[in-house]
Structure formats: C-alpha cells, structure tokens
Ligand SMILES: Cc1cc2nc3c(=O)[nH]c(=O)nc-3n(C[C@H](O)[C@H](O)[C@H](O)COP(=O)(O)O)c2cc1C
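Here we start with a single chain on its own, the form predicted alone, put down as structure tokens.
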C-alpha cells in the first residue's frame, strides 16, 4: 500500500552537497518553514519549539563563528582543517534554521500539570523531532535539500549573542538547507525482524 506521504518520507534524505540556487523567494521559504513548525504536534499542544531562520550574511556568520569556536576543541591542525571543510559545506547552503526549545514553557507546564512534570522535558524533545522532521519533509517536497547538525551546546553563547536569543530558548539543532548539488547515497535498513513485533 503506497501513498504520497510514504513517497515524501523516502524523498527526505540527508543532503550534504548544498548550494545557493533556490528558485523560491525568502518570503516563500519562511512561510513554508513556519507553517510546517506550526502544524507539527506537541504534547498538550504546548508548542515549545522555536526557530530562527538565517539568510545571507546571517547564515554565513553562523558557520564562521562555529568554525572559530571549534578551533579550541579539535586536537590537531589536520583535524581542524577537516572540520573547516565540513563547515564550509554547511556555509555553502542557502540558509540555516536554528531550532530551540522554550524552556519557560516546559517549566510552566511542569508547574501547571505536576502529575506529568517528569515528562515535559522529554515531550519537548519529541516536539523538536516532530518540527524538524516536518520542515525537512516539506523542504524535500519542494526540491530543497537539508541536513541536521548539533553543534550545541558549544556554540550556544555565540548564537545567543549574535541573534539576540532569549535566555529561556535552548538551542537544539542547526539545519542548513539549499539547492541539491549531489544526491544522497543509497540508504540501508536493518532487518524488519530486529525492529518490529507483530501480534495478530
């Protein structure tokens, strides 16, 4: 049984070879990303996910500051050069989405619903996954490639300062996106018997 959503799932891939040749206007991309996030599910509909969308020099600045921050973390110059090559690939993209969790909402829910207080942090991470996957799939549907990075928490302070991020927003991921300059390779799957149990 095949349907359009399953086809879109297969189309969404991790694309590292990204470029700046997108036909969509920035306003169209913003609407697409915002709509995907707004329609992604969250526990209690608490909408804990926040996003910052970077274009032009704001996008470039992110990857430059990441490169500078990682300089002290990479053990050798040779390793650092490899890191720079990787970051240059992200900078070559058209833009980047920064994903955050609003921890103030999480804490408020813990207070308002004490019976479930231990779950709200986990549920906010699930909401992040839902939002990121929704955006990633929506981008793929429109022929836009993307990948997901996690340089947080190393770059949290630099990001907060550069983009005026509220103190209660916690950085959870970075998604560079752009034109697809090279397709993803074949994707392997583990055996169904090791992943699923069926009772009929």
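Numbering follows the first chain given and starts at 1. Keep in mind that this is a model prediction, so the values were computed, not measured.
Form predicted together with the named molecule: not shown, discussed below.
S.K.: Only one of 146-154, 37-45, 24-32, 63-71 gets a heavy atom within 4.5 Å of the named molecule in the model of the complex; which is it?
M.R.: Checking each option against the 4.5 Å cut-off leaves 146-154.
S.K.: Does the named molecule come within 4.5 Å of any heavy atom of residue 169 in the model of the complex?
M.R.: Taking the distances in the model of the complex, the answer for residue 169 is no, it never comes within 4.5 Å of the named molecule.
S.K.: Decide if the three candidate residues 16, 136 and 187 all line the named molecule in the model of the complex, where lining means a heavy atom within 4.5 Å.
M.R.: The answer is yes; 16, 136 and 187 each reach the named molecule.
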